Each structure stands twice: as structure tokens, then as C-alpha cells.
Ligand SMILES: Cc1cc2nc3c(=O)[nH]c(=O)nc-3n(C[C@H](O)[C@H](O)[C@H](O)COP(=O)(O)O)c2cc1C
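Shown here is one chain on its own, the form predicted on its own, set out as C-alpha cells.
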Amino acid sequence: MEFHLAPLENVSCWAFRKIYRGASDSYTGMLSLTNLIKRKNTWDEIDTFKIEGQKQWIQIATSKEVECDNFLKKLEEEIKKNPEKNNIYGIQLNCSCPSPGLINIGQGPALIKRSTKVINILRELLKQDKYKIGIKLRLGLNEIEVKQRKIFTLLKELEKIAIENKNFTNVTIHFKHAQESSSKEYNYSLLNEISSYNLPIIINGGIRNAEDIQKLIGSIDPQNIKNIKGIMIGREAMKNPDCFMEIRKKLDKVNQFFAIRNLKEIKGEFEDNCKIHTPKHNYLKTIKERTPWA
């Protein structure tokens, strides 16, 4: 099973991602392709310097197929200029962020009902074979779309992409619709049906520990469990950077001698990382505001 550190806006800098021992995958914050194509300074947020044991993803937002080709060309230019950033495993299309600004321009979860548009964007990204491609979804833009089962129309089309191209390796699903607040309970009633699709599913939402994962896996029909590729954690990881190691210790029966770090040790590691690759000011500000250890 894979263990993904969720992409967190104005948080997921290299110095932050590196302290997460046991995370198999990590992501940059969501980056607008429009900004990446038009603004040189946006490329500073692609800080994919080496992190031992982690596969690093760039998470992008777009609704325009033409932007994908431009982005991929500029990405190769960036890697040539900065070879130390050449540690990118994959690119994930964000169809999940509930920001009204994103939704109003037809991006994020506004794309879930536009399955043809999503498939076209993914096919553009899959025209290269250097990077794996994934997508992050919610259950829908709103409750109406959940009832209309828009996500299932999209999953059916994504199955075809997965058959066509082995580099499509990641379907992360946040188990809420985009209008639900952070305090709302996650809706896992659709998990078993979602896992019946032949897709590499990453489960995201409210996972805190190994017991939560075991409960979710236990709710899935045995024949569907093979399609669960991993889990993604965001909120709990902000509080506890050792959560992945604690989970793996219980589930995988490995790292039995893993020593839990105290908050002072975690802060020290983060500060050391910041000296190597200094995050932008807004990242440091947000991390200090949202974590108990910084």
C-alpha cells in the first residue's frame, strides 16, 4: 500500500515534505498552469529536490488542453536549467480544490461533470512518457452532482485511459463534495462501488491512523480491494509528521524500532531543511500558523 502526503496550498514546500518519514509519495501545492506558463517566478514553487524514499508529484490546475503541451515543454526547460529538481515522479490534475475562484473559471471540481474535457486534458499530459499521470477528485461539485452520479460517468471514462496507457497510475478521491465544510463527516458510502472500477484508487479524507484504514478496507468487497492502491493524509499529517511511520509500523509490521520524534526534534529538522532550500515567506507563515510544531 502507498502512503501519500496530501498537497497543501502554501504549505507543501520541500522543507515541509522532507520531514515526513514513511510517506511513499508527496506533492507540491496546487499550481496553476496559466501562471506556470506566463510567470517565471511560479517555477520556484516546483522545488522537487531529492527526498530519499519519496516519489514526488507536481499538482496542477487547468481546464485547457493547450496549456498542457506548453507546460510540459517549459517543464523540460526548467529541469535542464535546474537538474537538481529532476526528481519528479508524476503530474496530478487537480479536480478537487473547492476554492470558489477555481470553480468560477471552470477548474477543480467544476471539471468532474465534464468527463470529455477531463479525458482530453489527461491524454495531452500522457503524450509524454517521462512522468506518471494522476488525478484528484471529489465526489462531485455539490450534492446534486453526487445524486446524479457524475463521478461514476467520469470513472468509467478513466478506466479506458488506464487500459490505454500504463503511465496513468493514480486516482485520488476525497470523499466529500466541494460544497461541504471541513467539519462535515466524510461520505464513505460510495467507497465500495468506486473501488469496483479497475482503477488505482487512493483514498483521502479523515484518515488518522491504522485503525481508520483497516475499517475502510474492511468495508470493501474482497474482490474490489485489489483496486485500492493507497491512502492520502493531510489534516492528521499537519499535526503529526510521524503519522505515516506509526501507521506503517502497525500495518506493515516494519520499522519496529522507529523512534517517535518530539515536537522540538521535528521543528529542528524542518529548520535545517529550510537552511538548505528556503521556502517562500507565505509558506513559512502558513506552516507556523497551521502546525503545532513549527
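Note that the coordinates shown come from a computational prediction; the quantities given were computed from them, not determined experimentally. Residue numbers here begin at 1 and follow the sequence given.
FYI, the form predicted in complex with this ligand isn't displayed, but the following is about it.
- Message: Looking at heavy atoms inside 4.5 Å, which stretch does this ligand contact in the predicted complex, given the options 121 to 129, 199 to 207, 156 to 164, 74 to 82?
- Response: Of the stretches listed, the one contacting the partner is 199 to 207.
- May I ask you to choose, among 235, 248, 55, 229, the residue with a heavy atom within 4.5 Å of this ligand in the predicted complex? So the residue touching this ligand in the predicted complex, by this definition, is 235.
- Message: At 4.5 Å between heavy atoms, is residue 68 in contact with this ligand in the predicted complex?
- Response: Although this ligand is absent here, residue 68 would stay clear of it in the predicted complex, with no heavy atoms inside 4.5 Å.
- Query: Is there a non-hydrogen atom of residue 290 within 4.5 angstroms of a non-hydrogen atom of this ligand in the predicted complex?
  - Reply: It does: once this ligand is placed as it appears in the predicted complex, residue 290 has a heavy atom within 4.5 Å of it.
- residue 59, heavy atom within 4.5 angstroms of this ligand in the predicted complex: Heavy-atom contact with this ligand at 4.5 Å: present for residue 59.
- Item | 4.5 Å heavy atom contact, residue 33 and this ligand in the predicted complex | Looking in the predicted complex, residue contacts with this ligand do not include residue 33, since no heavy atom lies within 4.5 Å.
- Does any residue in 1 to 28 get within 4.5 Å of this ligand in the predicted complex, counting heavy atoms only, and if so which ones? Stretch hits, in order: 6, 7, 8, 9, 11.
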